[in-house]
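For reference, the chain that follows is the form predicted alone, supplied as structure tokens.
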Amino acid sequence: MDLAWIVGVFVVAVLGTAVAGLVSKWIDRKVTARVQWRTGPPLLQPLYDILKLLGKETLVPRQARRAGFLLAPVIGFAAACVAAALLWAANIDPSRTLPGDLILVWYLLMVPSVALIIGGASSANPHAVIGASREMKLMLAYELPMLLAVLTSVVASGFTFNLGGLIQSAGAGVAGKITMAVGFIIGVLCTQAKLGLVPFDMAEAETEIQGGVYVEYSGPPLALWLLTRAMMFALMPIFLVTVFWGGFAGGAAGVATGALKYVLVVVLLVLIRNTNPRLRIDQAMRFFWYGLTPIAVVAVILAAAVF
């Protein structure tokens, strides 16, 4: 790959993902407001929130671990940017992707959650520490069924860990194979938890722990967290569409079809968020370990049997 192509894809991916994420967050907030009989924010409100915070003062708790507290949002944002570049590169030209880039993207998508745990634990605030503890337990709960769900696609594609290979072999994807459909549904539910959306928002839980992991953040660091969350709101649906549903490749028709698939995933996430109450952390862990994980194991076995 030439340097110009890599830089171009990175810039387009970061900007495109940021825009898509901010618009998706606005849709989420608008729909939520309408469900609650409120008007909701204007289209550019998510952007206004970030710009406003960039002009505010950064306050660091006196007893906080300053390095970990301030570096955490930077690390999370950087990982989201690199993951965006890899996902967009795979969809722009599936033949030019890196070998095993699925594994790399998987790890990069975990980094923002890990950074959130580090930031919350470094803040020296008991509410943030509780939030970090909940986020850690939630990660231990949803990552296993999410991994197994992705493996259904890997197995169905002939054991390829290349995003380009998954895109080219997906075909009808969730509409063509039962195991892919099951993996996709499990992926959506795990994505709900990875994004910290209701009913899996116990790490933030404003009514219980005052924002949890975010409670001590202000100014540019908080703006970076908001931007990272917006980008993850776009990245996870793109990841699901890429792994389970043929991605966005295939010219203008492929981009249009992929965009519709993306919108469908976002709609599912927003609907789940607005139709369920918050779970306790123990209920969430039981749901993922004893509910989704066995189903995901069966799906992987059936995928291996070419079902």
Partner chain sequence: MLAALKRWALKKSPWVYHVNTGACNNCDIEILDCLTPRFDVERFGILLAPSPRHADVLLVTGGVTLQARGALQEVYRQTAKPCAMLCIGSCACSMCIFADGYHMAGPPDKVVREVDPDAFIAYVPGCPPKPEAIILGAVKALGAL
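What you see is a predicted model; the values in this text were computed from it and never measured. Residue numbers count along the first chain shown, from 1.
If you look for the form predicted in complex with its partner chain, you will not find it shown, but the lines that follow are about it.
In plain terms, the part of the chain that comes close to its partner chain in the model of the complex, with a heavy atom within 4.5 Å, is 35-43 out of 261-269, 235-243, 275-283, 35-43.
Proximity of Leu59 to its partner chain in the model of the complex: non-hydrogen atoms within 4.5 Å are present. Proximity of Glu135 to its partner chain in the model of the complex falls outside the 4.5 Å heavy atom cutoff.
In the model of the complex, its partner chain stays beyond 4.5 Å of every heavy atom belonging to Arg66.
Among heavy atoms of Gly251, none comes within 4.5 Å of its partner chain in the model of the complex.
Exactly one listed residue, out of Leu148, Leu226, Ile117, Leu108, brings a non-hydrogen atom to within 4.5 Å of its partner chain in the model of the complex: Leu226.
Shown without its partner, this chain lists Trp88, Phe77, Phe184, Tyr214 as candidates; in the model of the complex, only Tyr214 has a non-hydrogen atom within 4.5 angstroms of its partner chain. Taking a 4.5 Å heavy atom cutoff to its partner chain in the model of the complex, the contacting residues in 46-70 are Tyr48, Asp49, Leu51, Lys52, Leu53, Gly55, Lys56, Glu57, Leu59, Pro61.
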